[in-house]
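So this first bit is one chain, no partners, the form predicted alone, shown in structure tokens.
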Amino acid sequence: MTDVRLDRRRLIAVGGCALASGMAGLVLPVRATGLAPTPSMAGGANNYRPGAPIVERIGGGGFWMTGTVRRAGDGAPLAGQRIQIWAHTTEGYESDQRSHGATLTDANGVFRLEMPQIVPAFGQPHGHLAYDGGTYRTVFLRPVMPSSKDKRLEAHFVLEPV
């Protein structure tokens, strides 16, 4: 059996530590760091075409590019934001104009655009997305698919004001 006695010195030391750590939360305000902005990805801007048209679908479809757009800090969904999408697909190269299109986010900050199946380029099946609306900092993304057989790819933007 261990003899645990609190002499005055231990009581003051333990009490002082408890008081100091407990008081820190009361004296210093809690600061939320918020949602950090999405950085642009290397290679994301490859074959970018400014001003790609808003379309219902790119090509014949069969594959879905989806995602969300939120505001940095509070994470609020951003409605009406233009997201451009392009990729190397079964119907064309990512540099082809017909492989580019844009869509707008809905009231919940969600976007969806149907396009042809993405196929590997440089050994990786990947898509390209861009926010370039001007209100927020431009962001380019280049997400890679786990498998070239996947029928959808998600990408999420967190935007900060310019």
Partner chain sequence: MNALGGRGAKLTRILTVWAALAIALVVPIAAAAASPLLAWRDPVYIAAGFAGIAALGLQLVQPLLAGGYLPGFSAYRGRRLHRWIGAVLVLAVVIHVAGLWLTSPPDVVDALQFASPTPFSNWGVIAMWAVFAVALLALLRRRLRISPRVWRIGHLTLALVIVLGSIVHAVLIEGTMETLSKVALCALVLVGTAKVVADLWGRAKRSASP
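Note that the structure is predicted; figures quoted are calculated from it, not measured. Numbering follows the first chain given and starts at 1.
Below: the form predicted in complex with the partner chain, not depicted.
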{"item": "Position in contact with the partner chain when the complex is considered in the predicted bound form, options Ala36, Ala42, Ala107, Ile54, heavy atoms within 4.5 Å", "value": "Ala42"}
{"item": "Stretch in contact in the predicted bound form with the partner chain, which is absent here, among 56 to 64, 43 to 51, 133 to 141, 99 to 107 (heavy atoms within 4.5 Å)", "value": "43 to 51"}
{"item": "Glu114 within 4.5 Å of the partner chain in the predicted bound form, heavy atoms", "value": "no"}
{"item": "Any non-hydrogen atom of Pro125 within 4.5 angstroms of the partner chain in the predicted bound form", "value": "yes"}
{"item": "Non-hydrogen atom contact Thr89 with the partner chain in the predicted bound form at 4.5 angstroms", "value": "yes"}
